[in-house]
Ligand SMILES: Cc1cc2nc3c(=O)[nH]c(=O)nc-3n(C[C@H](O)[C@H](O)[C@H](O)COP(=O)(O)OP(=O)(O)OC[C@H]3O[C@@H](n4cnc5c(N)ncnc54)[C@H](O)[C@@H]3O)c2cc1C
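First comes one chain, alone, set out as structure tokens in the form predicted on its own.
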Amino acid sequence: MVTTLEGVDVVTVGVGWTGGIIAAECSKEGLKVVGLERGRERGTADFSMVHDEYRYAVRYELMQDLSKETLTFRNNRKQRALPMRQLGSFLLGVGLGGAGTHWNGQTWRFLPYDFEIKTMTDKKYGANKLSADYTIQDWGITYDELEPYFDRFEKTIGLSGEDKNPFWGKRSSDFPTPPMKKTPILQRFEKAATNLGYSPFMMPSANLSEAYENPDGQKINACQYCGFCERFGCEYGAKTSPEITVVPTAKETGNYDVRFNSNVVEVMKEGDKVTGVRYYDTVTFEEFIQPANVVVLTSYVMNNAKLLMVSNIGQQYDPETGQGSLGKNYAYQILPGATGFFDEQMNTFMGAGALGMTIDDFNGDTFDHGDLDFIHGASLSSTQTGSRPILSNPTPPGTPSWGAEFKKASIENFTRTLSVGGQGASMPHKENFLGLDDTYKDIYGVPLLQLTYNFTDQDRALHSYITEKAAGIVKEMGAKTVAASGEITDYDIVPYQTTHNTGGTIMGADPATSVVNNFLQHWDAENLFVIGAGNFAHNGGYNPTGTVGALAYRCAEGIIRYSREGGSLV
């Protein structure tokens, strides 16, 4: 039996960064908001025993239970897609705060080039720089149009940083808090990069350098440099996350209610509007319908796309014809880099998720690609995120992977190893996309999402070029041995790489080539909004969260306007 609940103004599916921002902004304007979160409630008190590497970093306590819902994967359409039965290449968060709880806190604004990549690339290099198989397109918004929302998000989270990067877009104000500590390791990177003619700067960090009170009155503490950020919650409340910022802001209005253990399986639609969502209580398996004037999909990339597909909203992308936009332009991230082994010991075990220095000399179109067989590039960083004892076993090339020699080399190099890594841009390709699997279903009887993805020639060329640059920096840092990343072949979903999945619900100016407009309003249902890195038409050379946060604030503005006026926002 399905229970239909009392209607509300706005319902969000997921309560992480995007769901929290929508809730805070809409509830402050007097709108009644319900957030449906399939995981449990949690906060800083739940992380008092957070420094348990096995529990959180190995056993993934904060992540999605794949025995209930997962996805299927294949490298190409000729292969049979099989379920991902263990978390590997990326980590799907669950619970209050979502991935915003277990993130590292590295917070970037995508470059102006990213938002107009098709126009700018064609203008400078011609329309045939990449083959037609690469489906790059502009985002339907410019950096300058999005800048005020970047500023808003950074002030909400108290972002720590310095405006010393000559390559990024113009800022309307300085960072809310100063940069993190420039440790001896980072000074070594800074000196090497400067010697090579590059422009190093401190990485923007949501692990705060000092205590901060944001414009909503929420207080964030100063980072303790404990080295337990990624895959962990922060017991100090010093790693900015939704549960210590936007969620309490929304709750304080009295207009916001969060329902936990609530898994949405369908967006209800009648005519050209949605009417609410259908969900299950994950504990009792009771079924509910939550009516709402506005529905906002604020879960992770994969789930947002899946909900649209199973609800038959939008046209599914067909790689054979190129028609349809739902599921199109799935992209990931390319990870070039190099590791150096040194004679002297260094403090590698303390740190923070976003403690690092970066160069953008090879990111976006900051360097000439005229004679290169790829576009875009990567940010290159030396980070000091904390080397934990179980998963940190750096050994030089040629060391056995087990036994006495491995143990000796691992212990010797634990404090004698530094890396320079790139976050490489990922260009969309016609054969990389999301769809529904026709064989496997989740615990609720809903088809699993199907991921078809492989690395491309563009990816391999970018990886090779940027890896060479990373190795040059490591050598300049004084390493006795430099181990450059090997060339990439086919994408493997098993080993962890990065949780920077993008695309599938892309934004744009044309309903024929995008799912949502630049307010993230669905083209086919004016009271449906879809927010997340799925809106990215490609993935850039940074972590996605800062750009997602900016888009969420713009979307919130659109929802409030829509609630008053109705109609298309563009």
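From a predicted model like this one, the values you see are computed outputs, not experimental measurements. Residues carry their position along the shown sequence, with the first being 1.
FYI, the form predicted together with this ligand isn't displayed, but the following is about it.
Peer 1: Any idea which of 255-263, 72-80, 325-333, 396-404 reaches within 4.5 Å of this ligand in the model of the complex, heavy atoms considered?
Peer 2: Answer to the contact question: 255-263.
Peer 1: How about Val13: is it within 4.5 Å of this ligand in the model of the complex, going by heavy atoms?
Peer 2: Close contact exists here: in the model of the complex, Val13 approaches this ligand to within 4.5 Å, heavy atoms only.
Peer 1: With the partner left out of view, is Leu528 within 4.5 angstroms of this ligand in the model of the complex by any non-hydrogen atom?
Peer 2: Heavy-atom contact with this ligand at 4.5 Å: absent for Leu528.
Peer 1: For His376, is any heavy atom within 4.5 Å of this ligand in the model of the complex, or not?
Peer 2: No, His376 stays farther than 4.5 Å from this ligand in the model of the complex.
Peer 1: Answer with yes or no whether Gly503 is in contact with this ligand in the model of the complex, where contact means some heavy atom within 4.5 Å.
Peer 2: It does not: once this ligand is placed as it appears in the model of the complex, Gly503 has no heavy atom within 4.5 Å of it.
Peer 1: Which one of Met477, Val294, Ala99, Met202 is close to this ligand in the model of the complex, taking close to mean a heavy atom within 4.5 Å?
Peer 2: The residue in contact is Ala99.
Peer 1: Considering Thr156, Asn104, Thr135, Thr339, which brings a non-hydrogen atom within 4.5 Å of this ligand in the model of the complex?
Peer 2: By the 4.5 Å heavy-atom cutoff, the listed residue in contact is Asn104.
Peer 1: Hey, which residues along 512-543 are within 4.5 angstroms of this ligand in the model of the complex, non-hydrogen atoms only?
Peer 2: Heavy-atom contacts within 4.5 Å come from Gly532, Asn543.
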